[in-house]
Structures are given as structure tokens and as C-alpha cells.
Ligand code: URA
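The chain below stands alone and is given as C-alpha cells, in the form predicted on its own.
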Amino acid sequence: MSTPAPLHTIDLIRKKRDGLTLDDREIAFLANGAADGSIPIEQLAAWLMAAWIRGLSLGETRALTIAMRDSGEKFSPARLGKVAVDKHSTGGVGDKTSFLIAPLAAVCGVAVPMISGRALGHTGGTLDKLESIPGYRTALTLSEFETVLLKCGASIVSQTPSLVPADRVFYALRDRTGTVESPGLICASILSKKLAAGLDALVLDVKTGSGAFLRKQEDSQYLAALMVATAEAAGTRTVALLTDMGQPLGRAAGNWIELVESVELLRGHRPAQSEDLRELSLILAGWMIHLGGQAATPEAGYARAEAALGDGSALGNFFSMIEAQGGDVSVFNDPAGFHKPGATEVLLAWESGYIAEMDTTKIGWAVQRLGAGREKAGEPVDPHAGIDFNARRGARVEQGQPIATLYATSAALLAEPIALLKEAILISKTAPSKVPLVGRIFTRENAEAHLRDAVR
């Protein structure tokens, strides 16, 4: 039997650059080279750009997902004695559903091993938000991760250095090289982490609209179908919901202020500005509870989740998880007192009318430039920076009425975000049409059919 010819990274860059397809061995070579540092960063960046421009085939996407999953240690939820189910969002502004659905699903009997990410591009990061809680540890060992899961049923952590190391390298590079918005790279990044967590089932929240990484409806549908088919091929039962990101989700976008909004809902309150966040969280949790075998249908799962929201059990579970990971829950006794931004400014409506459109990507960049996000991997974020929206899409506003409150690291950072918000928010004389919160739903059957019919 002949020995395969040695592989060289420059050849694989040229091959992808020229629109050719890499085989499983070549894809694994790149993933392993990223994980162990044997391939220089500049070559990985060049390959990512080639992959972004030329696209990845279905076979390449699946090979990259599996190679990245296998690039390090994997977690086994076998000792938990429950069905392991997680949720993942493709990224949005104000997207804080994890803080509600993890405890909701956990108290309904599902194990939720959630490996999350940091701020990427114009979107916030779940880990950055949790780290605004004093003492909260996101970097747990796999043993510590299991301990929290055995105690609480849910744990939200970062990748360990040994878990999916290839994705850790690619993820940071994509943010710095303008290669985030690629269906194949997004799919492989998300699923490699989820599959490495040993999940039995996965619920995907694929964003559409002005704040999504993929703004065209057909691109979001393709990504949703691609992720469902890829995960199902790897043995994980998966469903994807296309959800609206034509405006920030809920009223808050930032770090600490998003946790405050989430805890308010977990306490059973129902502020009108947070109703879409509450509804989407219950829908996603309902699917998780259903796929976890704790409800016959997603609708029955929704009902169980709503009961857990109402009786306070989900709030208790969330606080238990925070404490188990070193966090100080006493800050939620006086959230306003803990909130100490460097500078605050209220944006007033510049004319009367209806908020007709919100360019949510521009809003995301406004949040980032207030200090809540990062421009380079590893940069610190300000836990207190962000935006609270006093009015959202469809609201009638009068000139001079407050429509947003901005919190910045310093007063010097306020001018650009204010300008971005004025560009992002369209005030019109007529009310906009309502946009459904949840659009199409992909399961294994219709995902595979969609991919067969899609022309890429």
C-alpha cells in the first residue's frame, strides 16, 4: 500500500483559491495545523479568505466540522443521566436567550452543557456578559464542567484550551480577517463545539434581518439547513428556527444590562419592551425540552418552560449555576447600584413618527464602540457599556422623546455611537408592517430537501 504524498499548506491555499475542492485528509491537515500551531497564522488567514471567497462544499463543511471537533478533547455527558441538549444562536444584538433557556430547560429535566463564545464582529458574547458578574468563572476544566452540570443541570462555559482548539484559532482569525460571514465556516465553528460537548440534541437559532451575519433570507435558510443536515449526519438530533434580527432582541444591548433584563424576566416580570425576548426564549426552551424527551411536542415543552418561569424555579437554578461557577449573585439585589458606566447620554427623537426600521448591524457596532465589544481578540470589554432602548420598532415617538439611553466607558466614546444610532433608526410617518418573530423551521427531513434544491 502506497504512502500518501505529504501535504503542504501553500498547496491547499492555492487549491481553494482556484475554486477546487479539498478532501477530508486535506481539511483535517488544516484543522490539526491550527490546533497544534504547526501552520503559521498568516497561512491560516489566507486559507480562510480563500474559503470565504470560493465557499465550502457540503463535503468540505462536514469534513471541517468533524476535524475541528476531533482536534482536541471531547466531553461525555453520559454520567449526567439525562438527555443532553443545547441551544446556539448565530449571533445577534441584545441576544440573551441563553440566560433564560438554560435554567428553563434544566429545571424541566434536560441537561444543558453550553459551550459559548465571546463578542464577534457587531454581536455580543455570552461569556463577556456572564463575566460582568463578579467572580463568575467561564474557564472550567471538563471535570469542573461536569460537577456543575451534576449539581445544577446547566453550565455555561468557554472552550478549554484542550476542547476544539482548532476552532479557538479559526474563530479569532475570522473576526480579524473579515471572514465571519461564510455559511460553511459558521457551520463548522458552531457545530464543532456543540458536537464536542457530546450532545444528544441541538436547537439552533438562526438569525435573519438587518442584524444577522447573513442578511439575505435565502442565505440564512441555507445556513440553517446546512447546520441541521451536518449535525444530523454526525448523530445529533437537530432543529433550526429562523428568527427575526431586524431589531435588537429585548430592550437591552450590552453586557451587564442584558443580564439585568434576563433576571427581570426570570423573576416573572413582563415589561412590554422585553416581550419578544420572553416569547423567543420560551419557544426555544420548548424545543429543547421536547428534544430532551421531557415533553411530547414543542408546544408542550413551551408550557412547561412557562410554568418554570412563573414559579421561580428557573431563577433559582440560574442563581445556583452562577454560584457554582464562583459568581456573586448579591449584585442582582441592587442591579442599578452595581451599574456604574463611565458616561451616560439619552438620545431623543429628532422628529415625530413611527420607528419604521432599525439597522441592527449599525446598532451592534454602536454598542461595540461604546466599549461593550472588542476590535481585536483578547481586548477587555466594559461590563457597564451598552444601550437601553426606550422605544423599539413600531413604536410611535414624539420629537424630543427619549428613544435610547447610551452607557459608555468614557464621554469621549459617545459621539460615534450616537451618530450610528441616528443612521440606524428610521422614523417614518407610517407604522411598519409586523415581522414574525419565528419564521421557517428546519428539521432533518426538510433540511436535506432544501440543500438538494439550493443553488450555491
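What you see is a predicted model, and the numbers here were worked out from it, not measured in a lab. Numbering starts at 1 and runs along the sequence shown.
Below, we refer to the form predicted together with the named molecule, which is not included among the displayed structures.
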Original post:
So, 369, 381 and 407: all three within 4.5 Å of the named molecule in the model of the complex by heavy atoms, or not?
Top reply: no
**OP:** Flag residue 318 as yes or no: does it have a non-hydrogen atom within 4.5 angstroms of any non-hydrogen atom of the named molecule in the model of the complex?
**Re:** no
Subject >> is_contact(residue 193, the named molecule) in the model of the complex, heavy atom dist at most 4.5 Å >> reply: yes
Original post:
Does residue 186 reach the named molecule in the model of the complex, with heavy atoms at most 4.5 Å apart?
Top reply: yes
Original post:
Does the named molecule come within 4.5 Å of any heavy atom of residue 213 in the model of the complex?
Top reply: yes
Subject >> Region of this chain that lies against the named molecule in the model of the complex, out of 169-177, 149-157, 300-308, 131-139 [heavy atom, 4.5 Å] >> reply: 169-177
Original post:
Which residue, 97, 230, 208, 90, has a heavy atom that falls within 4.5 Å of the named molecule in the model of the complex?
Top reply: 90
